[in-house]
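Take a look at this one chain, the form predicted on its own, written out in structure tokens.
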Amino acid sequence: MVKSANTRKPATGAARNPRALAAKLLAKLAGGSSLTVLFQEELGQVTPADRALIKAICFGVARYWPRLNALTEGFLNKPMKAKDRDIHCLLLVGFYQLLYMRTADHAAVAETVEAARRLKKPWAAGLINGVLRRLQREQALHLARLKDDPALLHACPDWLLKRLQGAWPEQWQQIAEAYNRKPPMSLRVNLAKVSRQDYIRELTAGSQLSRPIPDVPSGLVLDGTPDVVDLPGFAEGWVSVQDGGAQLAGCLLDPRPGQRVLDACAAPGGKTGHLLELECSIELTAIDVDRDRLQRVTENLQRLQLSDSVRVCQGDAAKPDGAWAEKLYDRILLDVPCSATGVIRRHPDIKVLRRDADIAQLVQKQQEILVAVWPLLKPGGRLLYATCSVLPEENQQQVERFLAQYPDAREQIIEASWGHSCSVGRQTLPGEATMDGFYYACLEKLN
């Protein structure tokens, strides 16, 4: 018999137990790998149902990592050895199920114990069984002791909570609480192909409820999280998944017919596509330093049927070189690498991956990129500096320093009802008006 090319390999070991595989992925997360990458690399042979469960567990554990880690350590006489990080993470999986999932307690305990055997560490089965059953008995006592530590109470890394308290003294609790809520599914309607109202009618005809995002002409937020391939016209480029706050970038850059536009840190291409949807006649160049992530830009543009309207090339915005750097641009979108502290709702693994020391390094990189790209802007042109951070060091303080050093740069004040006005630019905060946390500052080059 000829075997089909699409035949799945039989699942073995940890792959047969979603909790075991979740623990393995979380152990790799603790070692510095992002969940986005891990899901792409590790879940190809997993059934859809198990994949959904694994993602739910991994995202949930990451979201509550500071709290779950502290609870787990409180039940252990000594820390796990490095080679048993997967067992430590399996305990986190068990704790998350008992505290936050609707899984029946007996099933959560039994399946998590079995997962230890699937990880080929049967010695840990008794330990996990005892710890989880003890949590069942003593849950209220152990949760009560967390209330004395704000970082554990809010399940937020201590360094980040302190930065939030300093930057947003009136909103820090709101931000920390938003981090722990699952975000809604937001869409960007391609207004070049269909009006938002007509697309709402398409969704309603399929029994999918939606509502417009205030101040975002193309934005919709859905009730529920349907599979994207089931959305009307998704394959034809009618709509893309994109947070409402991210959609503000295209409107602020405001590309005009025939202008030369540079998307200087383009991957994964959401904002790139939006620029072309707003004005298809622009001469758009999209660059990114990461070749693998740049492939996603191309894929997104192909689905939107816009790949022939843009030049996509690998390039380092901090070190302009090549043909793309020999031109001057009317508009530049500079969505710089940042701490991503504004999008933790969607990427809770940031709580695990990011460190306080990273901020100074990111600020330096942002400054290098801004200084390097500024000469590519035409006199009278507009540069939009953007981050998905809520930290002022990466945002208004960064732009203030640049304006003080470059007399040919002037802020174009953003007059808007969304977000919060900063000393320079404007900031959205996680959870407000359905949006994630984004910062924007418009800069004009003087003649």
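Residue numbers here begin at 1 and follow the sequence given. None of these values were measured; they are calculated from a predicted model.
Below, we refer to the form predicted together with a small molecule, which is not included among the displayed structures.
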With the partner omitted here, the residue among L284, A266, L248, I332 that in the predicted bound form has a heavy atom within 4.5 Å of the small molecule is A266
In the predicted bound form, the residue from P337, P183, P320, G233 with a non-hydrogen atom within 4.5 Å of the small molecule is P337
Whether I369 contacts the small molecule in the predicted bound form should be assessed with a 4.5 Å heavy atom distance threshold; does it?
yes
Answer for P348 alone: is it within 4.5 Å of the small molecule in the predicted bound form, judged on heavy atom distances?
no
V289 versus the small molecule, in the predicted bound form: is there a non-hydrogen atom within 4.5 Å?
yes
The small molecule contact in the predicted bound form: D316, any heavy atom under 4.5 Å
yes
Select, from the options 113-121, 268-276, 168-176, 146-154, the stretch whose residues sit within 4.5 angstroms of the small molecule in the predicted bound form by heavy atom distance.
268-276
